[in-house]
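A lone chain, given as structure tokens: the form predicted on its own.
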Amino acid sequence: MTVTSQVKPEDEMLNWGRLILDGVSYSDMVGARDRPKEITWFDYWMNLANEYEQDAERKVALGHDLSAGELLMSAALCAQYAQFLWFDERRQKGQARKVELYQKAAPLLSPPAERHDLVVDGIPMPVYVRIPEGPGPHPAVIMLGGLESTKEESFQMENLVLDRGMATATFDGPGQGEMFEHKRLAGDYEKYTSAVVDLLTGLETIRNDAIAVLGRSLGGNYALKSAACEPRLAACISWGGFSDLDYWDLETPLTKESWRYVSKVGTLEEARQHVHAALETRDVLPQITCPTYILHGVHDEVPLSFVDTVLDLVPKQHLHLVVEKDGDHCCHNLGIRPRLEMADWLYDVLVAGKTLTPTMKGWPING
């Protein structure tokens, strides 16, 4: 597949803040940047995944399972970021390796990640649930991935939520990770979110009245639609999300190729038409009835008109809007602070049961 951009994929799409906050070490990032010319981006990260796996095996042999789990999680992240820029056999190879490494890591994590194998409309859909320590039942947060992110990528955000007494659930929906083989990006993601709600409400360790959804980037779009269509959700966070794809022309060449890939179509025009229809939420946003947190960066490629749409359509009594004047896409460039604020907001709503006053932070923009 030929990409029209003349910029190397890692230069066009790489966001250091995202990778580091997701758990990739600074030293590994520097190693990727300064790697020998004969070593490709993909091979660098896949080789590093192998090294972390070998280190984990040594830790298991010594009885240090917790360290082994952390090392295997690092290995899975290496495989994630090896493949996320590509649209050929490297994508499938990296995805398969990531799944394998995360499956090894899952029982060794603290708390462990338990795999539940759901089937939705005949399609297998694995879900990983992590339960915090302490007596339950616990509130829970369903985490939704983005355009090229999957269930294995949310580990660090999961930990922030778990530390605050909330369980987490992660899965791949249409066009993502393990489901990509079976179904392309589609306009019914909320169906799969609801299947996870069904799972969680059947667990004695989960509070049925305190289940939230948190989606990042494209997952933020899915979170909004899920909140509008699934009345059992008690809170929603759209983290760097969007309401529609009217801004297609502002997307980078590589992002457009990503849309084409997950849509399983032959041309960019077909991709534009498909995602424009599939990702439209403006018709359902007025149906949101739960507290809803919107995080948006002024320097995001998603235009500020999204904020206007939110203010026009999301019922204001449910809205907590945060606009970061220096923020990039998902505000990854601002460090951990925005993630902590989202985790604390979830704690206030789901654990503490606070009735929050609707707020608008950073909006309107002054200066």
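Start at 1 and count along the sequence shown; that's the residue number. All of these numbers come straight from a predicted model, not from anything done at the bench.
Beyond the structure shown, there is the form predicted together with another copy of the chain, which is absent from this document and is the topic of what follows.
- The three residues 16, 52 and 347 all sit with a heavy atom within 4.5 Å of another copy of the chain in the predicted bound form.
- For the residues 32, 302, 48, 310, the 4.5 Å heavy atom test against another copy of the chain in the predicted bound form is passed only by 48.
- Within this chain, residue 164 lines the site of another copy of the chain in the predicted bound form, having a heavy atom no more than 4.5 Å away.
- Looking at residue 316, you'd find every heavy atom of it more than 4.5 angstroms from another copy of the chain in the predicted bound form.
- Though the partner is left out of this view, residue 59 does reach within 4.5 Å of another copy of the chain in the predicted bound form, counting heavy atoms only.
- Among residues of the shown chain, residue 40 is not one whose heavy atoms approach another copy of the chain to within 4.5 Å in the predicted bound form.
- Checking 111-119, 275-283, 67-75, 172-180 against another copy of the chain in the predicted bound form, the stretch whose residues place heavy atoms within 4.5 Å of it is 67-75.
- Contacts between stretch 327-362 and another copy of the chain, counted in the predicted bound form as any heavy atom lying within 4.5 Å, involve 333, 334, 335, 337, 340, 341, 344, 347, 348, 354, 361, listed in sequence order.
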